[in-house]
Structure formats: C-alpha cells, structure tokens
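Coming up, as structure tokens: structure 1 and structure 2, two forms of one and the same protein chain.
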Structure 1
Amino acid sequence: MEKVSVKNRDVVVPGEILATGMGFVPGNGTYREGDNVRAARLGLMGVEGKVIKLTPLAGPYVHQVNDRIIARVKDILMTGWRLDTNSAYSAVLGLAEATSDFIPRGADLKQYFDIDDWVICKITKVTSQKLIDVSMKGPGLRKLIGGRVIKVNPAKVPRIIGKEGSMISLIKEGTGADIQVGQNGLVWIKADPEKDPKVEGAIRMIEEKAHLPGLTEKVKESFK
C-alpha cells in the first residue's frame, strides 16, 4: 500500500516516516529504509509527484562553489590572504583572484587587504577535504568598509534574500541601508544609526518566522 503520511509543508523531525511504498523516491534530506521514506533532518515536508524532499529549517553552512560569502581576513600569506568564513574551514584568497591591479613582486599585501578587513567574495573551488578558494572578481564583490556584521542562521539566508532579492531590496528601500548577505550566515549592514536597529529587527524577524506565510507583509509593516 502506498501512501504519504505527512502533509505538505509540515514540520518533520529526523526518523519520521514521510511516505510508505517503493513507488516514492527519496529526495534531498530524506532516506529510504525498507519500505519507508524517512526524514534525515529537521525540515519542512515537500512532495513533488513521486519525489519526497525536505527543506531544512536549520543546519550548519556547507560550502558550495559559486556561493557569495562574507569573510574576515585572519592572516596574510606569502601569496594571498587567509579568510575566516564563519565555519570550521578557512578560505584562501589568492593574489591573482584578489584584484585586477598589478601587484609588484615583494609588495606589502596589507595595502590591499589588512587583517580584520571584511570582504564579500565568491567561492571558486571546494575540495573533498574542504580546502576553499575564493575570488574577488565578479559583480558586487568588494571589500566591506564600515558598517557591521551580524550572524544569522545559514538555513534562513534564502528567505532573507527572497525571490530574486525581493526581501532584501524591501529592507533596503524601507531603511535606505546598504546590506550584503553572505550564504555562510553573515550579514553586513551599513545604515544610519537610527535605522540600524530596524534593519537588524527585520532580519531577525525573517529568521524567526521564515517558515510561516505572509512574511513580506510583516516586514513591510515593521518599517511603518
């Protein structure tokens, strides 16, 4: 007998039976055990035809190529910089990927990026052992001057950005702030001192209520 045991968009916990029957295909965040498809993490249930999948509600950041992340320079190497990526693994920014300027041999790399500078960069390579290369070449990738950085739940970053950046531009319009969101769960905010708490408040609210409907309206309201 084949059946789906959980309603769409319900919260499911690890080990919970989502569907019974060999006709179903276990997708992201699920696994098959005998006849059952079970949840492999905390998330929201999703059924797409015969595929059972799960949208994670929490979780540590796992580096992926082409992710835009916010990182802090933590060391200067012979031929580049080591960046702290708010995770267990550090990333390396090579000289060739750092700037399009010519860097003369023996130059002091501090002129370009000093320790404790914040940057927004793009991941270009991740190995199986989590050695990470990043690049500063690309639209919008730059050193982040001024402002401040807050930590958010990396699983909620897609909601903070919104569909094609709709949510983040809503906050930008509402407060006039400059905001950059990194996939690794760091958000850089540069705003007027009186607007700054509103920006953080909006982001915290999205983080908390990411799984509930009508979020856009609530964010709009918070700026009134």
Structure 2
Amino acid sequence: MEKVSVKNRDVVVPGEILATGMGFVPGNGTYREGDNVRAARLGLMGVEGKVIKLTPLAGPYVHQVNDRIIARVKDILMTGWRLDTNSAYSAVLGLAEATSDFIPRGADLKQYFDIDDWVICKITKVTSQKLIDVSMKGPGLRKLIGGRVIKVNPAKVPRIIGKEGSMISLIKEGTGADIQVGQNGLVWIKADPEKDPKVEGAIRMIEEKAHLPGLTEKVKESFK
C-alpha cells in the first residue's frame, strides 16, 4: 500500500521513512531502501506529485552555475579580480565579464572594483576542481555601495527569498530597505538607521523559524 508517512514541511532526520511504495520517486536529499523512501539528511519534508524531496536545514553552500551570489573583492589580478565567496573556494571576475566598458591594457583596475568592495554577481562556470568564474553582466548585477552585509545559513536562503521573491518583497515593503540576497548565504542590507534592526530581525526570524507555519504573518507583525 502506497502512503506518505510524514506531513509536508515537517522536519525529518536521516534514515526516517518518508513514504512507502514503489510509485514514489526519491528526489533531493532522499534515497530508496526497498519499498521505502528515506531521508538522507536533516531537512524539511516536501512532496511534489510522486516526488519526495528534502529542503536542507543546514550545510555549506554548494556553488551552482547561474546562482546569484554576494562576494567581496579580495585581490586584484592582471586579468580581473579574485572574490571571496563565503566558502572554501574563491571566484574570478574577468575583465570581459566585469563591465561593458573597454578596459585598456595597464588600466588601474581599482577604479572599477577595489579591495573589500562588495558585488552581486552570477556564477557562469564551476569546474571539477572548483575553479569558479562569475559575471557582472545581467539585470541587477552591480557593485553594492554603502549598506552592510550579514551572514545567514545558506540552506535557509530559499525561505528568506520566498516563493517568487514574496518574503524578501514583504521585508522591503515593510521597511523601505534595499536588500540583496546571495545564494551563498550573504545578505546585503541598506536601510535607514531606525529600520535597519527590523530588517535584520525579520531575516533572522525567517532563518530560525523557516520550518514553522504562519511565518509570513509573524514577519508582518514584526514591522508594527
């Protein structure tokens, strides 16, 4: 008999039986053992049709092509910039991907991006040796001027952003802040001084209570 053993969005632990029956398909974070689909990690239960999957509640950021990340310039190279990506691996922003402007040979690259500048960029390439290339060409990709950057659990980023950007839009509307969320677990906030604590407070609430129902209403209440 086919059945789902755990409610959608319940927290599950490694090895827990999530569903029974060969009609169910193990997705991200799950595996099949005989007739059962089990959890491979700590996470939130998710069911999409017959696919059983988990949203992780912890774990390091894993670089993926097309991810938008927030990164800090850590070195200036002959051919571009090396970026700190909040992980064990740095990324390279090449001259051709940094700007549409023509950069002459020998130009002072600090006039574009200097050490400790923050940028939001897009991953364009990840090799098997974890060599990462990024680009600044695309909507919303830019140097982040002013504001501040906070770290969050990378596994909670989808919940902080919300479905189709709903949660982050709620925070922006409630505080008037400019917010950029990187999938690598960095969030840039630029807000009025009196609203800044409310922005971070809302983000921390989502991070800590990502698995709980009624989170949207709790975030709305925090702005009152």
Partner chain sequence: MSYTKRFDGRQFEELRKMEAKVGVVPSAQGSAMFKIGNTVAIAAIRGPREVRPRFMQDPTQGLLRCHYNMMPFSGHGDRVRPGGGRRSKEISMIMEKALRPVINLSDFPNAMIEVHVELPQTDAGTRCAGITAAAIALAHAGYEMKDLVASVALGKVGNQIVADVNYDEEAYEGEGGSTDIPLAIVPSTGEVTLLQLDGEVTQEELKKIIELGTKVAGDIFKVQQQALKESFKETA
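Superpose the two forms; the largest set of C-alphas matching within 1.5 Å is the rigid core. Keep in mind that this is a model prediction, so the values were computed, not measured. Numbering for residues begins at 1 and runs along the sequence of structure 1.
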property	result
Of structures 1 and 2, the one that is the form predicted together with its partner chain	1
Rigid-part membership shared by P197 and D101 between structure 1 and structure 2	yes
Rotation (degrees) of the lesser rigid unit against the larger between structure 1 and structure 2	17
Rigid core fit between structure 1 and structure 2: Cα deviation of V12 in angstrom	2.5
